[in-house]
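Take a look at this single chain in structure tokens; it is the form predicted alone.
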């Protein structure tokens, strides 16, 4: 996989998730960050840092991106969410427009 086909998402603790760009584009916020005209760091480097999103939540969000792509392609499965993550995950999803 080429570097142009991936995106690096960085959590508040500095953990890096390298995921397919197609999966990251599930988020309207990330899509806007990566495709905005101009020379923004996110666009140039293919990296987005989320200083307010913890590693655990960002990992779950990345899982959701891939699940969402599969669901859109007709594979209907449940997306499990641990109850203790619900509130923080909802806040992150609201920010990311997912």
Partner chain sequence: MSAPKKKTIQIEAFRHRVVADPKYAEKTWNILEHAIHEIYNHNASGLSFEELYRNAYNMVLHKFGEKLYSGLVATMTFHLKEICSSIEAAQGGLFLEELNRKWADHNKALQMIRDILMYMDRTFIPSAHKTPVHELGLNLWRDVVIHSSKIQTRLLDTLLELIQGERSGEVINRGLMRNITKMLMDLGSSVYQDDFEKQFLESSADFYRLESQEFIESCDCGEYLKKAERRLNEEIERVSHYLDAKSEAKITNVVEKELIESHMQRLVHMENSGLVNMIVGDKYEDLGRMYSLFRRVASGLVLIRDVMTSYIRETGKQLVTDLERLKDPVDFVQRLLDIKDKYDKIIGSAFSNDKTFQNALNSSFEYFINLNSRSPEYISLFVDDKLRKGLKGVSEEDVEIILDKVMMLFRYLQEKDVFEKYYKQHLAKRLLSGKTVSDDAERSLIVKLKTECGYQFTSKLEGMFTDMKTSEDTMQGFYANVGADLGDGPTLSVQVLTTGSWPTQPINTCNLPTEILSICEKFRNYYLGTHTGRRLTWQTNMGTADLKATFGKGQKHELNVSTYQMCVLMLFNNTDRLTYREIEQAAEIPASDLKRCLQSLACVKGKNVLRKEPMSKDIADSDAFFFNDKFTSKFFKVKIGTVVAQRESEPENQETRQRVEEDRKPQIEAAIVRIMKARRVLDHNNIVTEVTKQLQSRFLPNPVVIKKRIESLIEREFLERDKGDRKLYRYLA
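The structure presented is a predicted model; accordingly, all values stated were derived computationally and were not measured. Residue numbers count along the first chain shown, from 1.
Beyond what is shown, the protein has a form predicted together with the partner chain; the following relates to that form.
Colleague: According to a 4.5 angstroms non-hydrogen atom cut-off, is residue 23 in contact with the partner chain in the model of the complex?
Modeller: Contact with the partner chain, no.
Colleague: Residue-level question: is residue 69 within 4.5 Å of the partner chain in the model of the complex, judged on heavy atoms?
Modeller: Taking the distances in the model of the complex, the answer for residue 69 is no, it never comes within 4.5 Å of the partner chain.
Colleague: With a cut-off of 4.5 Å between heavy atoms, is residue 56 one of the residues that contacts the partner chain in the model of the complex?
Modeller: No.
Colleague: Would residue 18 count as a contact of the partner chain in the model of the complex, using a 4.5 angstroms cut-off between non-hydrogen atoms?
Modeller: Taking the distances in the model of the complex, the answer for residue 18 is no, it never comes within 4.5 Å of the partner chain.
Colleague: Are there residues in 43 to 77 with a heavy atom within 4.5 Å of the partner chain in the model of the complex, and which are they, in order?
Modeller: The stretch touches the partner through 44, 48, 49, 50, 51, 52, 61, 64, 67.
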